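One chain comes next, on its own, written as structure tokens: the form predicted on its own.
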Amino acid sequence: MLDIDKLPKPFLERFSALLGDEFDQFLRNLAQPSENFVRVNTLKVPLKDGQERLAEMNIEAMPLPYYPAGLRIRRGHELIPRTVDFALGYFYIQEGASMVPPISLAPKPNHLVLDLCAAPGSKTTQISQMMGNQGAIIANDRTFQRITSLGHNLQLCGVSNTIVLHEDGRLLPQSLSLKFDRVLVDAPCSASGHLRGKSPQFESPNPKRLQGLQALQKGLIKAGFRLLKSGGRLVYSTCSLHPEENEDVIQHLLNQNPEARLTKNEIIGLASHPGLIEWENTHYNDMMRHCLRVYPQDNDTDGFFIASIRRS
């Protein structure tokens, strides 16, 4: 368990500035054990049956208020990977906040969807589940080793409406003549939202590293927007809480594309904070408040940033 008295000063200063009056609550949350989550794969098992199977195995699960197929595991999470049901793809282990970007994307069964940074497939398989294996998804990733995991998870979950591409997402507009109803850009990031368990990011952000990540993120969101249909929706997300990887990237897109419009993210049952209007010496578009900043204390999950953008 985390000893909050040993957190470095740069970390404390940055998150105190981000959270203001909620900073103490944030620190208390970090001192708690990590939560565990699983998604019932309704492509293979009905939701009610999945919940009953877990109960029969003495695994205590509670549906997430913002996504019923997502379950918070209160007891017995260590048993799930050992079950036949897990080996058959009935359940997918996925962090609770990671399920939010596909919810914001709101794909429909007749849509053509692009998942620009898809591996290892958590969100791709969730999107296919939400589409009922109908329509079509192009799932792209540039890292060959991660493509292997993506293919494995698509097969395990029974996904049949997805084509896998191995390409640098920034180059896809040069090779694809398609336009998409929905585009998900779940961008590579510093993972600074992983603050409880796993690989905590408690150091002050490395400016050089953030600069490199931001350049990649800007290239990816630019490519994703170019591939979006008029009237379509792009969701940009990261598991980072640093404004440099989030609001800065969205502002860059808005500045270069007058047809890009931030839309209000309203997800019933999800607690969150609005995007930042200013940070340090930077002032952002007022519509940035439509973005979602999900802090660990909001829903007892990892931290996430989600922006929903419409092309007019």
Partner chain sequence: MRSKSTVNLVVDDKWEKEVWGLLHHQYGVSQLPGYRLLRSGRKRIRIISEEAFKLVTQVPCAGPAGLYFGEYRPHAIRPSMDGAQLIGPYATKGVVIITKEQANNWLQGQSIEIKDDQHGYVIVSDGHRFLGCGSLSKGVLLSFVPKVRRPNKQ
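Everything numeric in this text was worked out from a predicted model, so none of it was measured. Numbering follows the first chain given and starts at 1.
FYI, the form predicted in complex with its partner chain isn't displayed, but the following is about it.
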Options 77 to 85, 209 to 217, 115 to 123, 226 to 234; stretch whose heavy atom lies within 4.5 Å of its partner chain in the predicted bound form: 77 to 85
Sole residue of H273, K44, R261, H252 within 4.5 Å of its partner chain in the predicted bound form, by heavy atom: K44
Contacting member of L156, I93, A191, A106, with respect to its partner chain in the predicted bound form [4.5 Å, heavy atom]: L156
Residues G135, T162 and L165 all lining its partner chain in the predicted bound form, heavy atom within 4.5 Å: yes
Its partner chain contact at M130 in the predicted bound form, heavy atom, 4.5 Å: no
Contact flag, Q145 vs its partner chain in the predicted bound form, heavy atom cut 4.5 Å: no
is_contact(L178, its partner chain) in the predicted bound form, heavy atom dist at most 4.5 Å: yes
